[in-house]
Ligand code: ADE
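Coming up is one lone chain in structure tokens, specifically the form predicted alone.
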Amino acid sequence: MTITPSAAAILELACRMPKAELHVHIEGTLEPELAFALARRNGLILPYADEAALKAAYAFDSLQSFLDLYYACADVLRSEADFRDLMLAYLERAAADQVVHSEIFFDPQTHTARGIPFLTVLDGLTEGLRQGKARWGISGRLILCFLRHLSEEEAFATLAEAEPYLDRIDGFGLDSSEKGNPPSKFARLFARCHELGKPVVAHAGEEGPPAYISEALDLLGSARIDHGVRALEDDAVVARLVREGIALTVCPLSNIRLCVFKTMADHTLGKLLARGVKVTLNSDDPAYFGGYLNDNIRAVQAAFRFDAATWYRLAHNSFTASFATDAEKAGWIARLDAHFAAVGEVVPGPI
């Protein structure tokens, strides 16, 4: 007799399974408590009375309304120690959610524009990754993102600063506001990134149309699409994602908080999975959007009631879509298989 696991058991299975996170902005993990601590460390005064007042400001009506607050809070990040502590705070939370590998975005232009040296940012983040690996065994890689609301020339200047340190940079990305900033704006820049031998990713199809997904693939050579939740508006784009096995790094709570969808039940996640798209779940800017990876899992499960096989598929996708080595992926997938087998769940066949 087959016993169907309860909804609570499936949720516990999903929260405790090993998984990777492929779409998280380190600056977006800056919790109010740490923001105020760093402000005190650096002799700064935030324009909010306390942590509660800052949290109360997290009422966004668009991506731009979020970015305005995001960039203001990032001003407390000044020293190598600040960036190290920011990374450690994220990795501790990620490890508690059973994240075993994370590919983490950072935005150097946000900091160099304030006079913070590029190397201060990179040294702090890489030291945080080193200490996080030692403390929690969590694997991390850094993806340098360019701010698309700035010019391609400014992005080239940032790339020039980064080139001496490519041994510590695992890929390049494109983020910030999509509106009026199509991927095509950065075609020359990403051609240079490919010449440097690094994989690239790009935010597309969140605020922007499905055509931006096509541009990111055709003109930037993006290995993954960050967000991509509007792909369903174009059947040809969906068919291509499925045919080419292009992963979408979907961030459900972010999409709700930024009003991409009104409710989680309206989200395209379930339909994307049903169409065979390679979806992964991620937290984006968790300090601002209501939670880390397991918080996203809880919200998704409440809305969609996925079965155990779907959660296995989502975790498996997160590993195979990563930029880790084949050996690393195989090790994590073996752990995933063991996790499901330990509770009597049959691991699906080849995915």
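Fair warning: this is a prediction, and the values are worked out from it, not measured in the lab. Residue numbers here begin at 1 and follow the sequence given.
Not pictured, yet referred to below: the form predicted together with this ligand.
J.: Can you check whether Ser254 is within 4.5 Å of this ligand in the predicted complex, heavy atom basis?
T.: Judged by the heavy-atom cut-off of 4.5 Å, Ser254 is in contact with this ligand in the predicted complex.
J.: At the 4.5 Å heavy atom threshold, is Tyr48 in contact with this ligand in the predicted complex?
T.: Tyr48: no contact with this ligand in the predicted complex.
J.: Residue-level question: is Ile143 within 4.5 Å of this ligand in the predicted complex, judged on heavy atoms?
T.: Outside the cut-off, so no.
J.: Does Leu258 reach this ligand in the predicted complex, with heavy atoms at most 4.5 Å apart?
T.: Result yes; Leu258 sits at the interface with this ligand in the predicted complex.
J.: To test your reading of this chain, name the stretch in 85-93, 199-207, 114-122, 233-241 whose heavy atoms come within 4.5 Å of this ligand in the predicted complex.
T.: Residues of 199-207 come within 4.5 Å of the partner.
J.: Within 4.5 Å of this ligand in the predicted complex - does that hold for a heavy atom of every one of Leu129, Lys329 and Trp332?
T.: Heavy-atom distance to this ligand in the predicted complex: none of the three under 4.5 Å.
J.: Only one of Trp311, Phe319, Tyr292, Phe66 has a non-hydrogen atom within 4.5 angstroms of this ligand in the predicted complex; which is it?
T.: So the residue touching this ligand in the predicted complex, by this definition, is Phe66.
J.: Which pick from His227, His267, Lys278, His101 sits with a heavy atom within 4.5 Å of this ligand in the predicted complex?
T.: That would be His227.
J.: Looking at this ligand in the predicted complex, which residues in 142-161 have at least one heavy atom within 4.5 Å of it?
T.: None of them.
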